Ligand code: ATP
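There is one chain below, alone, in structure tokens, taken in the form predicted on its own.
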């Protein structure tokens, strides 16, 4: 049993600096209600603005803070106008995935009561699925390794390995088992392109082997193009899906669009020893300083962090705080009166945070 957890905080760029304090204030309030466990925060500067100022996007001092932390909370990284010499954006969040082998990118998608969804079908109110994205290889394996030959041909290489695939599939099956105990369907869908690419045929073979180790979980497959169709046409039929890195990157944004947009999309990148929690949105430099930034994704990411800490350390008080946050967010929006700017309303960072805190208290 512990009375505190050490959190490396990386607000990063743009609205990350605005939504991070809101999310952590909500986390503190939820923990105060469930037993007084404290989050000891240590800021770890990183990002595009830091790179522009100092020439370092992710200094060693910040890496050392992350090394020692029980969890890492990240706001947003990157600015479109600040890039490395090769034209790519500043992305310490990707560095973290590779540094700590954060192979499981977890992207929950859930319709929040009172928040406008993209589909008119009344069943859209039941959207509640999780996309697990392998986060360290696939096409992203080629980051920093691509070549351009004679200004005529560019090449990138995708990598799928058995070791990483087995880990992410085991993670996804266990996540599906856990959801089934919460009354969900208990079905895991592999998303791939095994009809075209050898690497994805191999990916599917490893998945099918893993399915044999989890006989109580229904396992099926979708090609990625079919999966995109299902996400738009019948997303309420999905439970948990697992896929390669690039496919997951694209489909997770599509999923967010179903339930209000990126401002409602929390995420986590999880490995065996470390985990990073962050809203899935970017730094939104066009609204920095206006107070319009939607903090919901950041707040729900903090809830995911508490759930993970609670499960990892056997601290039910911490996991309960995460559930309280989820319930408070639902309650804050339930009557339809709280509408954020991306959905045509006026509620910004302060109004949403205050409403969630009010329901917590």
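Numbering follows the first chain given and starts at 1. No experiment lies behind these values; they were computed from the predicted model shown.
Below, we refer to the form predicted together with the named molecule, which is not included among the displayed structures.
- Heavy atoms of residue 263 reach within 4.5 Å of the named molecule in the predicted bound form, making it an interface residue.
- Using a 4.5 angstroms limit between non-hydrogen atoms, residue 286 touches the named molecule in the predicted bound form.
- When the named molecule is considered in the predicted bound form, residue 15 lines it closely, a heavy atom lying within 4.5 Å.
- Using a 4.5 angstroms limit between non-hydrogen atoms, residue 282 touches the named molecule in the predicted bound form.
- Interface residue among 312, 63, 292, 41, judged by heavy atoms within 4.5 Å of the named molecule in the predicted bound form: 292.
- The stretch in contact with the named molecule in the predicted bound form, judged by heavy atoms within 4.5 Å, is 255 to 263, chosen from 255 to 263, 184 to 192, 235 to 243, 151 to 159.
- In the predicted bound form, not one residue of 46 to 73 has a heavy atom within 4.5 Å of the named molecule.
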